[in-house]
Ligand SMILES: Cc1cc2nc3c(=O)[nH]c(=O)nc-3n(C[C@H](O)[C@H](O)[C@H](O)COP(=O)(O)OP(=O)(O)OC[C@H]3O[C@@H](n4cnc5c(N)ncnc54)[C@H](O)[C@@H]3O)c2cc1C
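Taking the form predicted on its own, here's one chain by itself in structure tokens.
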């Protein structure tokens, strides 16, 4: 063994960063190694690409495309799955900076698949590309076996880590006018109140600053001198000795040198697909591993505001995006909204004349998936992916309830547009996998009964010293963007791990 650490964290995205920051703050003398399979990017570690200059942003996106690194997106889409048009709309679904799990998946009988399942490899993980929406889970989206007060405390801390901005209702300007229309259309008894989407964006000198993974890490290198971030380093497997996690086998992607490091604790936060892949490669294969895979449905459309909502009629609202948010509720298991795009900080790459651009709105609706054990990511015993890890195959189908949800999503997107203007195109279901929110694959559970991979503090059942993190731990069917919940759960787990370190030291 060439090195020894208190904690090795696999993955540099929001969950891994939360573990590192929380442990480093609680135990400043801890030796923490974070490894990331992808490279460092321009603009500082973990910086959101929306904060970079245009040349830096393009360079960063090309760097984080894994096996497609350096390939322009139009070329990367040349071999896309049958039935999908590599047009501008689809290029927006498969974002620059990502790469496909499998661009031409073979679907089994009755399978819908996740043809657009994709991921990113680079320092900061998906936290340098994400849209920054941070709604709190509502009603049955919440994890039932966690005490409500504890979950709320964790969510509040996650909002601080991500520097979330929230806006009170009623609001002002165009955003408030749109909100009132959606209240009239969608409000009702027992439904969560319609407001504005919380976003991990702050305004600095009149300009928006998007929270990336670096926002979570803060100045950790200064406050915890034992923290090390090692890029272009593949975690091939966790070393399990005597039933306990004792270290990690690492490969330097530049030299292909393989080393082993000792670790008192190992945390796997690779993402919702690669975290179970690492566990599988490590021989850690509980019954639920990779199963209960779910991704919320995404239906979207662009619309154009009518004369009553002409932005010129309203006073500007500096420091607000005005993203109107219709939250998930059990009586309506979906989340929707309207985003006025005039003056928006989001760079969408659309080519429109000024008059059309000023009235353009995005209308996203997300629906909860019915969770099934049979929806899963499988791992091959013999075939490998571009990183030499067990090849992944997704098995995923839609239930009758799912099909009903998809139709309701389309109807609600059309109803949203009709209240404020007209649709630019019919609402369509986005390609499966394009939301990038893959959940359930290492799900948490209240008891070790074979239906979960880890406990409420994200400790893998029956393998002491091994933790997981990321969207994959969420066990509930959700429509809300999961990043806030993921960070909250990682914070709870990291506090538990830090307490163990303090006890030992």
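Numbering follows the first chain given and starts at 1. Predicted model only: the values in this text are computed from it and were never measured.
What comes next is about the form predicted in complex with the ligand, which does not appear here.
Colleague: Heavy atoms within 4.5 Å of the ligand in the predicted bound form: which stretch in 304-312, 394-402, 184-192, 273-281 meets that?
Modeller: Comparing against the ligand in the predicted bound form, the contact stretch is 273-281.
Colleague: Though the ligand is not shown, can you say which of 266, 326, 269, 293 has a heavy atom within 4.5 Å of it in the predicted bound form?
Modeller: Partner contact (heavy atom, 4.5 Å) among the options: 269.
Colleague: Within 4.5 Å, heavy atoms only, which of 52, 466, 35, 30 is in contact with the ligand in the predicted bound form?
Modeller: That would be 35.
Colleague: At the 4.5 Å heavy atom threshold, is residue 45 in contact with the ligand in the predicted bound form?
Modeller: Result no; residue 45 lies far from the ligand in the predicted bound form.
Colleague: Answer with yes or no whether residue 130 is in contact with the ligand in the predicted bound form, where contact means some heavy atom within 4.5 Å.
Modeller: Contact check for residue 130: yes, within 4.5 Å of the ligand in the predicted bound form.
Colleague: Taking any heavy atom pair closer than or equal to 4.5 Å as contact, tell me whether residue 361 reaches the ligand in the predicted bound form.
Modeller: No, residue 361 is distant from the partner.
Colleague: With a cut-off of 4.5 Å between heavy atoms, is residue 117 one of the residues that contacts the ligand in the predicted bound form?
Modeller: Flag for residue 117 set to no.
Colleague: 16, 234 and 471 - do all three of these have some heavy atom no more than 4.5 Å from the ligand in the predicted bound form?
Modeller: Every listed residue reaches the ligand in the predicted bound form, so yes.
Colleague: Is any part of 111-128 within 4.5 angstroms of the ligand in the predicted bound form by a non-hydrogen atom, and which residues would that be?
Modeller: Those in contact are 120, 121, 122, 124, 125, 126, 127.
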